[in-house]
Each structure stands twice: as C-alpha cells, then as structure tokens.
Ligand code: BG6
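Take a look at this single chain in structure tokens; it is the form predicted on its own.
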C-alpha cells in the first residue's frame, strides 16, 4: 500500500495560529505527519495571527500543544519539525502585514522547486473576506505557484453570510484552489459509513424503508466550551454540529453508491438535497433545544453554561438540540431521522443507530433489532439480535454481534489526512459550495425559530443524558433514545 505523503516542498500558512483549534488539533496533526515521515525535505509551517510574539515564543506554543495532546513525543522528530516552524504577527485587515507575510514566504521558499502553498483559515467567518482579499493583493496567492485555500467550517454564520464569503472566495481564487473543510470528513470512521455500504452489499439490502423504523444520528460530547466561549455563544449547537457534521454523516448513510469515487461529492450533495422537515403545525414538533446547568461529569463538578467565562447570565444559546428529518430518497421515504447532539453529557460518542421494524410475533424480553455504527467512543459495529431462552413459553434475551471499528493500515489524524489530500489537489472529501448552501437553507429557518423568545429552552444537568423533555419529545413517535 502506497502511503500518502507530500510529494513536493510546501508552505503551510495558518491563520488563527494562536487559536484553540490550532493548539488542540492542527499542530499535533502536523507533528504526526512529521513523525510518520510524510513531509519532504523542504517545507515551512508559518503561523499568522494578531497575537504579538516572536518565532521562539511561537515554537514554544507549538511544542507545548504537541506535548499536551500526544501520549508520548519523539524529541528528535519534534525538534526537527519545530525548525520548520515560523511566525508572522499581523492584523487581518492590513495590507502591509500581508506584504510582510509574503516576503517571509518568498524567503523561506528560495531554491525550492515545484512548491505548493496552502493557506488555512482557522478564523471567525466575519474576517474571511479581509484575509482572502489581502492574500490576493499581497502576492501570497501567487498564480505562478499552485495554491490551496482551506476554509474551516462553519463557512458563514447563515445563508447570507455564506453567500458573501462564497462570492469573495470565487472572486479571488479558482474552484480548484478552494477547499471547504469539515474535519469529520477526514475521520476514517466517518468515511467508513460510505465504504461499509460500498463493500458490503448486504447492508444495502437492509437499508430500505420497509425494514427500518427510524435512524438516530448522535454526536454526544462530555466536554464543555474548551476555551471557545466567544465562538460558541455566537454559534450554538445547531450551527456547530448539525449544519455540518451530523448532516454530512446522514448524507453518507443515504447517498447513492456509485462505482467511481469521482462522483462522491455529487452523490453526497444529492442526498443532502433530499432531506426536509416533516409537516408540522409548529416547529417545536421537529426540533428541541436545551442548555446545560451545573452538574457532575466523570465525578467532577462543572459549571453550568451561564456560569462559564464570558457567557451572559441570560444566554439562550443551545448546548443541546434534537431534530427530526425525512428524506425523499426512494429507499428512505417515510423513515424518520433523529439527529441529536449536546455538550456536557455523560459520555462522548458519535454514532449512527438504525432500528428495524418490530417483528410481528414477540415474546417476553424481546427488543427491536438494531444496527449501531459507532464512530467515536468505543468505536465498533454492533448488531442487536435476540435469541430464545429455555422453556415452553417463548421468551428472549439479547444476542449482540460486535466487532471494533479500529483503523488499521495508514491511519492519520483527520486534519493531517485532509492537509495531505489538499496538497495533492484531492477534493473528494472536502465540501462543495452547493453542499454548504443546501445545509444552510435547511438550518436557517430552524435557527430563527430557536432564537425566538417564545421557543422553549429546556435545561439539563451536566453529566446526564440531556433534558427529560427530549425523552418525551421522541416518545411521541414511539422512539426511545439509544443512551
């Protein structure tokens, strides 16, 4: 098996270099790529942010980020990696600062051949346009050098802001230079939702509306804001998890399987376009929101959302949401999809659960058949069946067939894998503008509804399974959450 690596020298320019995402995900992922020898001899990691610091201080930040996230670190590899790390401080709206950045990049690339430049926008959507304009005006985006602009989700705050960003990106870059990143699509387990179906035709025969009662897509988180209070208060759970991650997972489950990987993006988009809200007299019937209060997570007392730093005491931002969708795809027509996600819950798990129709004849102890595809947490696939226990009267006990979905082979962190694919110009597992637009069209009216003062906001203690009201909300459809 040929291992994916960067084939040419490259410059990786990270905007938002002092931010939380960079420290939690990006720097550790870059170190892993260096550890696995996926980088060429010549490459440069250039951080850019408004924080004033010199190169030595920035290298220290990167080093501490790697140590904080990795169970063990190879000092020799890390030291060599850090020697490729550089920093430029500047404002996002100042052309002179970007000219300084362009000069730094040109100096670092001196003598390189066939170099690629990658600009990664890990910054709030409201400053995307400023950065994009200055990238082009300063010469960082040099048309003589292959260029990739990676935009971290969410792309915009709503449909209108997304369209503004899209027009700015298309004004400055070609379609081949734009990479809209949802890091869930870099997770091997999430991609496996598609490939399990592709490689196992038996699943396709099971995935049809005459056999399935409902589908639950869950993204459960035990952690809280993790230093992102400003971002999250402005965004909320619906925008943060549903608009991208959960809708993408659901699309991978329902998209049509085709022979060519070149059609993955098209099929994913077509599946996304088929989702719609069930007919209802009130949107409260199809969506529910809640916010966590003080409680215990893994035995440790944690503050409620409104007690978190920088969060207003009267905040109505949702930290939990549950949503019901239907699909027009013929094999899924009539099957309800329940998307659920929340922070400060009792466990961390990302999962798709497919519950099949009840059998016609049941006995004591019988439970519905279910297929769980667990992507994060105790990752694995579990088939829930039942078998008869001894005795004259039919009674049953659970029979669970399971196997761990552990990545074997060339396993890379999602941000590392996506970076290498971008360097290669592979866009299959990056979003299209049409996908993002379609998602916002679905989410916007729901977000508007949740922001109304008349819309209920429920509460749940940190460390539990979410609000009690969500249990009753699902039970009206005969659905019991998979805990």
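Numbering follows the first chain given and starts at 1. Because the structure is predicted, anything quoted here is derived from the model rather than measured.
Only in words, not in the display: the form predicted together with 6-O-phosphono-beta-D-glucopyranose, which the text now covers.
Contact annotation: 6-O-phosphono-beta-D-glucopyranose lies within 4.5 Å of heavy atoms from the stretch 342 to 350 in the predicted complex, the single such stretch among 342 to 350, 393 to 401, 310 to 318, 139 to 147. The partner is absent here, but in the predicted complex a heavy atom of 187, alone among 268, 187, 117, 324, sits within 4.5 Å of 6-O-phosphono-beta-D-glucopyranose. 231 is the sole member of 231, 112, 198, 356 with a non-hydrogen atom within 4.5 Å of 6-O-phosphono-beta-D-glucopyranose in the predicted complex. Proximity of residue 221 to 6-O-phosphono-beta-D-glucopyranose in the predicted complex: non-hydrogen atoms within 4.5 Å are present.
Contact check for residue 216: every heavy atom lies farther than 4.5 Å from 6-O-phosphono-beta-D-glucopyranose in the predicted complex. Within this chain, residue 183 lines the site of 6-O-phosphono-beta-D-glucopyranose in the predicted complex, having a heavy atom no more than 4.5 Å away. In the predicted complex, 6-O-phosphono-beta-D-glucopyranose sits beyond 4.5 Å of every heavy atom of residue 386. For the three marked residues, 153, 241 and 414, a heavy atom of each sits within 4.5 Å of 6-O-phosphono-beta-D-glucopyranose in the predicted complex.
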